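Only one chain comes next, encoded as structure tokens, the form predicted alone.
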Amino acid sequence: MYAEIVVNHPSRAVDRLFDYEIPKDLEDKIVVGSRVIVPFSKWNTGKEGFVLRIKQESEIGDKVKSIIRLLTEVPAFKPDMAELILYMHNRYLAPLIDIVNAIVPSGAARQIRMVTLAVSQEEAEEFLGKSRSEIQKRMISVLMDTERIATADLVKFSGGNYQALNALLKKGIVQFFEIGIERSIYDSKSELIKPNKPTEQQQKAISEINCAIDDSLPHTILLHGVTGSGKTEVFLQAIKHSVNRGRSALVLVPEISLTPQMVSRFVSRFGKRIAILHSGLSVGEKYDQWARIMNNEADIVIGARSAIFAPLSNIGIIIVDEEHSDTYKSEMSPRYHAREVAIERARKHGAVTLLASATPSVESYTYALLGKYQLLEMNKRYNESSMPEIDIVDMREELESGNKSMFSKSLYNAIKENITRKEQTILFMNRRGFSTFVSCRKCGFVPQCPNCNISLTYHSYDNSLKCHYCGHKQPNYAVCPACESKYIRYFGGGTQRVEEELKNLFPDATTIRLDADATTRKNSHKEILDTFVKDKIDIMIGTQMVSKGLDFSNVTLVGVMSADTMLHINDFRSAERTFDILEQVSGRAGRGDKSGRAIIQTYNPDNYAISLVKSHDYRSFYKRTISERNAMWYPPYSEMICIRFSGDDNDITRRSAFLFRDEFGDINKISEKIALLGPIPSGIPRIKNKYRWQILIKCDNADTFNDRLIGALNKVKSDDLLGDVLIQIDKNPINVY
């Protein structure tokens, strides 16, 4: 028997499957997913490998090498994942080993070293009488009173040390052994709660989804439900239906900040059946959760993007909550979109993919209208309450009236009223930090990142300047380094500046921030959200973390500090992102018994991406956007490929981009519809001291050009001068900069 193996070697030159013979004594142990050691290269160096296929014959014949040994009895992944690895290899053109590493968790189960007596009680007493070491005597006395104890506890309770303990081991008086300890990451002791009675719209959606699960055929369903319509209850009841039929369920959320609230609701229904996977867990915690899923101890998984690779068996439903979110697209190799991978996994399992959002992506909504996806809609809130009232404030008029504050008169008065009524407020500012940039009013000097072509952002809490691309940090300037002027001015505003101005305007109000700077510690997301509810904090200020999924019954006011932040970004999705986030964050208001209100501050009140939020009119927004996409041949009418080039030398990086374009071929001689733009410098031409160029391709089907893309890539890499330039191929990129 033979195995086709992915060898753990980073070079693209060996990015393929290698045949190895399976030794006779391992034929009943090696399976698809096994982790093995194989001889590699002409020196037969032992390398880690992963089995993707097993077959009876090899085309190589007598030249085939043999597997050296099996690394672990437990496979690194289940057999169905091998097909997913090959799908992603073809779809995203990522190296096989990058995909395997994304799927297979690092780390190991935490083991606690225990110690026990290796002799009888009589022999231990005899040793006590002979020993000269008081420390060893105390250790033996403790062990005689207990069957076993952790080595760390023995050292602590006896006042001893590890040197004395190791001496007892050498004398044969004690012996060590290890036990595995699972790291608990959520409280599963609470009583299980019965399902809520669904509304008429919820019940219709639940029935349709359950019927699709029962079909045991792949279905993709788009659930378009307004904010507060009760989509989570639909998820819960569909999952119950799936697991009651012996099938598993997977739920993806776009932000780890959403996970605590979501987990709490799911644990209250399903208890210990749940496993959690997201980037906020330690390596060991991730491994524990992965092992529980692998061992079929958990059949419901909740997590962020990478949870799509959870080793579940017999999947019945995969739910992608807030399916429009950009965070489902990986910016590192493999550059996959979790929505696409979810649909592919569901296809293999005969499962339902449930895409859910109050503001579906333009692509998904188009596919639903065309019948490629099934469309379900819930246009009423769960408690029959009205959607939040939206006020759009023209900040140009505020300036003309002499108001230079970050807060319009309307927003100021609304916050004041909310504080008086002891109701809570969420303020959204899509920038962290204190201000966008710092400038000298005398000479115009703006501090720039020494590694990137962007200005530094001021952070008030430690009076520093930071680059949000490469992480560079330096002290803020007291005087201008160019002209020695003391007139340093702060332009724009971030969450920290909003918080500071709030304290000046409302000194007695309590505030809390939810942004990347405030959530650096483990579990800080949950702690901030719990504090907001428990301590009845008046105002929470946050970035996109506050825009999705949060459900607080006492939040009756949402303020958007600047609706224009994403509107003028040079990206064809800028209008969609603006509408999405305004509708989502506005939907945090009025989710309980009290009515809600949102105040949106803008300098562009007539822009359709802003004005249509007032009426919560997604359909009108969609019609306007899709006509623009059609005219410009943007997705969903086309697919896009971005090829990025990054290197230490600008000229060499540019030359590699032009060589790639030449090797790709003359597009005028290609029969398929295609447009090629570039090479041009990237929107940010230098990040982390790397010069950046890019090529953008629009086409009907990106997979059609795989051979051309790989051929051009290999040609550039084979050039001795250009080979060190990093080349990234990104299909349907979320960001082009």
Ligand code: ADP
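Numbers for residues come from their place in the sequence shown, where the first is 1. Predicted model only: the values in this text are computed from it and were never measured.
Keep in mind that the form predicted together with the named molecule is not shown, yet the notes after this line are about it.
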{"item": "Heavy atom within 4.5 Å of the named molecule in the model of the complex - residue from 199, 601, 543, 333", "value": "199"}
{"item": "Selected contact from 228, 360, 316, 303, since only one has a non-hydrogen atom within 4.5 angstroms of the named molecule in the model of the complex", "value": "228"}
{"item": "Interface segment, criterion being heavy atoms within 4.5 Å of the named molecule in the model of the complex, picked from 388-396, 531-539, 113-121, 220-228", "value": "220-228"}
{"item": "Contact flag, residue 232 vs the named molecule in the model of the complex, heavy atom cut 4.5 Å", "value": "yes"}
{"item": "In the model of the complex, residue 571 touching the named molecule (heavy atom, 4.5 Å)", "value": "no"}
{"item": "Non-hydrogen atom contact residue 591 with the named molecule in the model of the complex at 4.5 angstroms", "value": "yes"}
{"item": "Close approach of residue 624 to the named molecule in the model of the complex, 4.5 Å, heavy atom", "value": "no"}
